[in-house]
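Considered here are two forms of the same protein chain, supplied as structure tokens in two stand-alone entries, structure 1 and structure 2.
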Structure 1
């Protein structure tokens, strides 16, 4: 299903479905946590050259396939909500580990209450917690 969504997203943006794009998409799909660019380049080195990796990741970001998770001046890459379930992040300020989590029904209800209180209708949200993982505490 995800591969079909990739192909339709590329076609809807008047882009070709190439083996390199399919390979990089699958590489990101197969990882349960966000990836740094140097890790993507390393994992793809025998299949896709470095410049193609960077161009493809930029294209994927521009058309909403992936998103960047920033931690200071560094970032990691993951699939956008269009291609994965909505989630949030906890980032360790020491080792850079990123842990994904889903918000609880209670938190969603509280956000809706806050919207109602301020007469606001949100269309999306992000929650990022920064601190220290259990290994760095």
Structure 2
């Protein structure tokens, strides 16, 4: 699953491997669901300064370690496709649970087909569903 390591990715980009970056990376890896910024700041409070968190997340995004997604109100942080597997989210309006899912090849094909009609060539896509999960239906 992991196609890259933090250290090699940082080194490839001529960036230092610091304990703060390792800490934040682990924090995100150990979390199964997307994290809000203020949650990351909170969890890292005793280890990494708020401003370093923001700077690090920006760095991580620039070198393709994490992605910002919008499930819900504000953006959330999660590992990029390179460090996890490509997926999307369904958010339950009742219990708030975020279910991850993989779209079918058919769905992707149909999406490509649609963009072609508009002369658009996508490099990434984001699909978010809202509704009710298995338990709350």
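Here the structure is a predicted model, which means the values were calculated and not measured. Between two forms, the rigid core is the largest collection of C-alphas that superpose within 1.5 Å. Residue numbers count along the first chain shown, from 1.
> Given structures 1 and 2, which represents the form predicted in complex with another copy of the chain?
The chain shown as structure 2 is the form predicted in complex with another copy of the chain.
> Rigid core fitted, is the C-alpha displacement of residue 12 between the two structures 2 Å or more?
Comparing the forms between the two structures, which are aligned on their rigid core, residue 12 does not shift its C-alpha by 2 Å or more.
> On a rigid core superposition, would residue 104 pass a 2 Å threshold for CA movement between the two structures?
Indeed, residue 104 is displaced by 2 Å or more.
> Rounded to the nearest whole degree, how much does the smaller rigid part turn between the two structures?
Treating the chain as two rigid parts, the smaller one turns 26 degrees between the two structures.
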